[in-house]
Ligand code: PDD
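In the form predicted on its own, a lone chain appears below as structure tokens.
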């Protein structure tokens, strides 16, 4: 198959998949999701993604439709049915299908939707531009929820200002991007926002901290200001699909681009990991 979709056991091409209108993900965004990259038909960092999936589901009190292990088996089987070696894999779990009511439906199983489609591979850039926006999202950003309207508005604002990503700022402190984590390097120290309720615990963020330990690079998990971001030696935007985007401009002003050696070391470790 060129691409594949799965919904509660039914398998079709993505454009042929039909989902019930009473799926609570449609009414309320009542669900959680994950996305992963597939290289050589192998899901990169699958266990990390399954762990975060289970944690997000537990925080919103959604019971998984299957065990973590079984979901991993389903995902692996699906990506093996897609012809392309490199894929973008997405899955979501919603609270179930029931008539619209804010209360949890009684004795309704959760829904699992998956799709995987070809992609062009690892995306790294040295030309990212950021636009700062006020972070007015709720205080549960550590849950990978389907409720992404404010993220959508933020990235649209960034695009309309000639930028590739928005950077959220809450009370003067940088939190994260609209669909990424944002970290900095200053004086040889890697700095990233702590994994609290204001940011998503990104898988690539986790890997970067591990790379710091392996490479002997000092690391701090602390909040930093927008001014610190703009004055950083390097600004790194990371996500599952864009693991190493190097920032050259913030709010129309040149930024970062002063420590290419550290970025090169991070990128080399990432490429080593996906080759395993």
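Predicted model only: the values in this text are computed from it and were never measured. Residue numbers count along the first chain shown, from 1.
What comes next is about the form predicted in complex with the named molecule, which is not displayed.
* **Per-stretch contact check against the named molecule in the predicted complex, the hit in 62 to 70, 29 to 37, 209 to 217, 226 to 234 (non-hydrogen atom, 4.5 angstroms)** => Looking at the other structure, the answer is 29 to 37.
* All of 195, 244 and 267 within 4.5 Å of the named molecule in the predicted complex, heavy atom check -> Answer is no for this spot.
* May I ask you to choose, among 114, 146, 184, 203, the residue with a heavy atom within 4.5 Å of the named molecule in the predicted complex? => Selected residue: 203.
* Which listed residue (84, 161, 81, 151) meets the criterion of a heavy atom within 4.5 Å of the named molecule in the predicted complex? -> It is 151.
* Interface membership of residue 95, the named molecule in the predicted complex, 4.5 Å heavy atom rule -> Close contact is absent here: in the predicted complex, residue 95 is far from the named molecule, nothing within 4.5 Å, heavy atoms only.
* To do: Mark residue 179 yes when one of its heavy atoms lies within 4.5 Å of a heavy atom of the named molecule in the predicted complex, and no otherwise.
  => So residue 179 counts as contacting the named molecule.
* in the predicted complex, residue 56 touching the named molecule (heavy atom, 4.5 Å) -> No, residue 56 is distant from the partner.
* is_contact(residue 104, the named molecule) in the predicted complex, heavy atom dist at most 4.5 Å -> So residue 104 does not count as contacting the named molecule.
* Within 83 to 109, the residues that have a heavy atom no more than 4.5 Å from the named molecule in the predicted complex -> Read in sequence order, the lone residue that approaches the named molecule (within 4.5 Å, in the predicted complex) is 88.
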